[in-house]
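Taking the form predicted on its own, here's one chain by itself in structure tokens.
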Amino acid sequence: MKKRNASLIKPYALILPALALAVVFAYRPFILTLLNSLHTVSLQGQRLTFVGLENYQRLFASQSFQASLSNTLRFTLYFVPTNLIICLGAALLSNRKGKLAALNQVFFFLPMAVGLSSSMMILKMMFNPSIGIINQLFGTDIQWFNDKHAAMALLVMAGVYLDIGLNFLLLHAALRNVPSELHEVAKIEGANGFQIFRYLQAPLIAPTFIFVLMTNIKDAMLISSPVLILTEGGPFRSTQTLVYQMYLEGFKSGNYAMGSAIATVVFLLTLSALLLLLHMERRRVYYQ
């Protein structure tokens, strides 16, 4: 009886440390943020008066929030398909047999070895309109930080650079797990490269692809560091995202209630997008 009780308690004891960390650093801050969004909050972080949805009403009526929401959705629309195409293409390229396959793998995996802040500072110097190597190399005069379209394109490139390492690693591993016997059978049947990818590889790597898609949507909705380092929301709020506005409201202006409201909106938008994607996944993705 004692052994049986010990075997029943052991799994819960093993997950207890992880559960405690999740409660302290994830669930508790989320609940406090939700409560702060429904109150007025002092500069010391104390909740003063319950105001219900008044903070959300002020938030949605704000032109700054509307611009941030539009910028975040536009960035997601540009970044997610661009990143998926590049990462999938890189994984397919490195999956081919050849002398340069290992070199391709190191090249695409390399961004994970460089810190985020360091990478963004290097990109900021490279894309400097006056002394940056990009304009000099291509003979252009693009104002990367002063033109709203160029600034958004720079953020998309920065996002792809930050995500390509892990996404490439996941997709490359998924492609490596496709049985080689199926490749040989498809080639014997006369299938070309595109047909092999469409009818053989794509269905088998679909679960990994969906996971990468979900992480890309999450990263796009929560983008903040590239905005903070590269553009600071400019020019004229054209690259100000929801998380960056949350940083401005909560940490720069001390408006903790409004910052908490923005954080809650970002959470709900991201959760809705991921739940919709999960619903579609259950119908169309095959798991072995």
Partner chain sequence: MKKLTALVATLLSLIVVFPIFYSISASFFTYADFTSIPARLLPSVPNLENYQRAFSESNLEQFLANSLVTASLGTVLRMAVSILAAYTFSFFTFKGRDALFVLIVATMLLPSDALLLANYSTIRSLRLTDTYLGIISTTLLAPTHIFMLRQYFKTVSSEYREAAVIEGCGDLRFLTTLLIPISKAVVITLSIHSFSTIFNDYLWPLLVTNKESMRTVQVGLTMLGFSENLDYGPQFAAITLLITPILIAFVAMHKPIQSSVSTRFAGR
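Positions refer to the first chain, counted from 1. Rigid core: the largest C-alpha set superposing within 1.5 Å between the two forms. All values reported here derive from a predicted model rather than from experimental measurement.
Not on display, but discussed next: the form predicted together with the partner chain.
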Query raised in the report: With the partner left out of view, is L93 within 4.5 angstroms of the partner chain in the model of the complex by any non-hydrogen atom?
Result: yes
Does the partner chain come within 4.5 Å of any heavy atom of F50 in the model of the complex? no
Hey, in the model of the complex, does A150 get a heavy atom within 4.5 angstroms of the partner chain? no
Practice problem: Using the partner position in the model of the complex, report whether L35 sits within 4.5 Å of the partner chain, counting heavy atoms only. | Solution: no
Contact with the partner chain in the model of the complex, heavy atom within 4.5 Å, among A202, M126, L77, V185 goes to M126
Partner-free chain; cross-checking the partner chain in the model of the complex, the single residue of N177, Q195, T140, Q143 with a heavy atom within 4.5 Å is N177
Per contact check vs the partner chain in the model of the complex (non-hydrogen atom within 4.5 angstroms), the hit among 258-266, 66-74, 52-60, 233-241 is 258-266
Across 172-211, the residues having a non-hydrogen atom within 4.5 Å of the partner chain in the model of the complex turn out to be H172, A173, R176, N177, T208
*Large Cα move at T264 between this form and the one not shown, threshold 2 Å, rigid core*: no
